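Read the single chain below, which is given as C-alpha cells and is the form predicted alone.
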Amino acid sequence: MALLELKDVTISYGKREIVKGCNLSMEQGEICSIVGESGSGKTTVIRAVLGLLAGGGKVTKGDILFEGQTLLTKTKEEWRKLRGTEISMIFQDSGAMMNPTKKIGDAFVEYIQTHENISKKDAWDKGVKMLERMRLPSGDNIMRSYSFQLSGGMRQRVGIAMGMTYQPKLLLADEPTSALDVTTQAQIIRQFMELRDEYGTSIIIVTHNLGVAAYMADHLIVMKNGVIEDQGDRDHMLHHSDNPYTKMLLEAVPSLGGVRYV
C-alpha cells in the first residue's frame, strides 16, 4: 500500500479550477519533488494534502489517501492529531511563520504541549534535544532567542526541528531553501536526505529549482498551469523525457565550466 496517493485531484477556489486531475503515488522513505514556475499549483497541492487550503479552496474532484484512508473527510480533531505527528510541513521561511514577539523556546514548548501531555520543563528539554539533533549548536541559547536574532539557515533548521519532533511519516517542504544562500541551501538539502536515511521519512519538496529537485528526488513531477505536465523517476526525467517544457527547465539550469550538474 502506498503511503500517499492523490487520485485525479482537482482543487478549486469558487468556480475556478486551480489544479486539475493531479495524480501522485509515493512509498515510505521516498522523496518526491514537485517543480514548476510560480503559479503552477505546486504549493496548492501540498496544502491540500495537509488540509490547509487558504481562502475557501476545496478539493472538488478526486481523493487524497494517506495509508489507504481518505484525508478529505477528516474532522478538525482528527486533523489536529494528524498534523505535526504523522504529517508535518516546513515553510519557505520558517522564521517568518513564527511570532516575532515570542522566543523560539516558548513557541516550541507550546507546539510540543499541543501534541503531548508533558510538563513545560520536559517540553523545553525535548525542544533543545531536537535543535541539537538538527546540528544547531547550544540549543538552550537558541530556545532563549527570538526568530529575528537567528540567520535564515538557523531559522530553517528550527522549522525542521519542530517538524521532525514526532518523526512524521510524511514531511511536506514548501520551497525550504529558496530564501537561503547557496552554501546554506546545500547544508539544508543534506539534512533532508539524512532525515530520510535516519527515520525513513517520506518527503515532498516543492521547488522552482530543478537542480535541487534533481539532486534530492527519487521521483520528479513537473507542473505547469495547474496540470502535471510530466513525471517520472530521476533518470527518466533528466535523461529521457521528451516533454518540451521539462527540456526547457533543464536547459535553464546554469552550467559550471561547461558542465551542467543535472
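Position 1 is the first residue in the sequence shown; the rest follow in order. Just so it is clear, the model here is predicted, and its values are computed rather than measured.
The form predicted together with a small molecule is left out here; the points below concern that form.
Taking 16, 44 and 54 as a possible spot, do all three reach the small molecule in the predicted complex with a heavy atom inside 4.5 Å?
The answer is yes: all three residues contact the partner (heavy atom, 4.5 Å cut-off).
Determine whether any heavy atom of residue 68 comes within 4.5 Å of a heavy atom of the small molecule in the predicted complex, and answer yes or no.
Contact check for residue 68: no, nothing within 4.5 Å of the small molecule in the predicted complex.
Is there a non-hydrogen atom of residue 39 within 4.5 angstroms of a non-hydrogen atom of the small molecule in the predicted complex?
Yes, contact at 4.5 Å.
Interface segment, criterion being heavy atoms within 4.5 Å of the small molecule in the predicted complex, picked from 196-204, 227-235, 30-38, 211-219
Careful reading of the contacts points to 30-38.
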